[in-house]
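Just one chain follows, in the form predicted alone, and it is written as structure tokens.
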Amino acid sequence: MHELVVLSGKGGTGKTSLVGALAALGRQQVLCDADVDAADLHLLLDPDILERHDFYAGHRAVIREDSCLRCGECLDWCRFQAISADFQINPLLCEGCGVCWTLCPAKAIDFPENLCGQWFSSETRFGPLVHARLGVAAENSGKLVALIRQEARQLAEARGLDWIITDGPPGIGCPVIASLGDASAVLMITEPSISGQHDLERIAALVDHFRLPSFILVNKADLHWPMARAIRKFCDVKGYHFMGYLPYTRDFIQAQVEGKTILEYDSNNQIKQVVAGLWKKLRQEIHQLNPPEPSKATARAARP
């Protein structure tokens, strides 16, 4: 099984649009939207939700008023000033450290898990999709990313599918780190600008830390060819797999407005050919980097 994680240094580089296009080309894969803080792949693929699950992570303290002695011990111990003088806990200030719960002499504080969001198992016109929605200001996004990637892998195994295409989070933070473990390869999308190259260098360094094969694509390359070529040179120096250039076109936007991928949109055959060539090249290179293990029967037959 191969998992391709598509990343970018920031939002808006065209990552999700490209994942939708690759999904339209593949059709024999599980899709995973690991951008749980601002998931939007479902807006493009219009999935039918088959399963809906609550996601619990972290804890918040809750004072039981009928058991509270109002001794003030919790006020003294709380370093986040989350407990008011009338012994009410502000959920926005509580960090879930558990000090008040542990040291309360009356044991009047509960410490339940937080409902941080939901995750979904859905079906799209291009195959199954595992995605999630993190709650407003909720934490533990990395844990949620790890959860839905695990579910996507189990779903791929159950259906006998060889590919997982993961729409990863932007940046280099905890959700991105959680999206990289056990991946087969990473496709990084960047833009031809100084900030685009800077973001690319940061995320490429993170991917290098995980020792994963790196593939790089410059989107909207014709907006500034000198910088696009500088990024190509950066890839050559670092030894990254450079996958080419995508020109800027408003057809991506118009296709999204109509709820379609660029492969389903009526015009711009040039872009379709470029994306199709990209997917073919990616599959070949990833297969070469991660060849399938021989079966036991094949291994016995190969013995002298």
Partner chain sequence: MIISIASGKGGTGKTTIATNLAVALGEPVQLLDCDVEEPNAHLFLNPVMYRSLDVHLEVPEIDPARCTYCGKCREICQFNAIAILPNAALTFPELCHSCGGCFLVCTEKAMISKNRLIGVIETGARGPIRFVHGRLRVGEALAPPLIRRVKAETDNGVLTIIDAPPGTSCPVLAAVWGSDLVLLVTEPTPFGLNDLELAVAAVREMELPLGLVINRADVGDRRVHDYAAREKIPIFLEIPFDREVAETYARGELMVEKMPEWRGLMLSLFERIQAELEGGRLRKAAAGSR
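Residue numbers count along the first chain shown, from 1. Note that this is a predicted model, so its numbers are computed, not measured.
Beyond the structure shown, there is the form predicted together with the partner chain, which is absent from this document and is the topic of what follows.
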Which of 84, 195, 154, 118 has a heavy atom within 4.5 Å of the partner chain in the model of the complex?
195
Listed residue (106, 75, 174, 230) with a non-hydrogen atom within 4.5 angstroms of the partner chain in the model of the complex:
174
Please determine whether residue 38 contacts the partner chain in the model of the complex, using a 4.5 Å cut-off between heavy atoms.
yes
Is the gap between residue 137 and the partner chain in the model of the complex 4.5 Å or less for some heavy atom pair?
yes
Might residue 98 be said to contact the partner chain in the model of the complex, defining contact as any heavy atom within 4.5 Å?
yes
Any non-hydrogen atom of residue 88 within 4.5 angstroms of the partner chain in the model of the complex:
no
Among 211-219, 184-192, 158-166, 123-131, mark the stretch whose residues have heavy atoms within 4.5 Å of the partner chain in the model of the complex.
184-192
Three residues, 10, 93 and 102; all within 4.5 Å of the partner chain in the model of the complex via heavy atoms?
yes
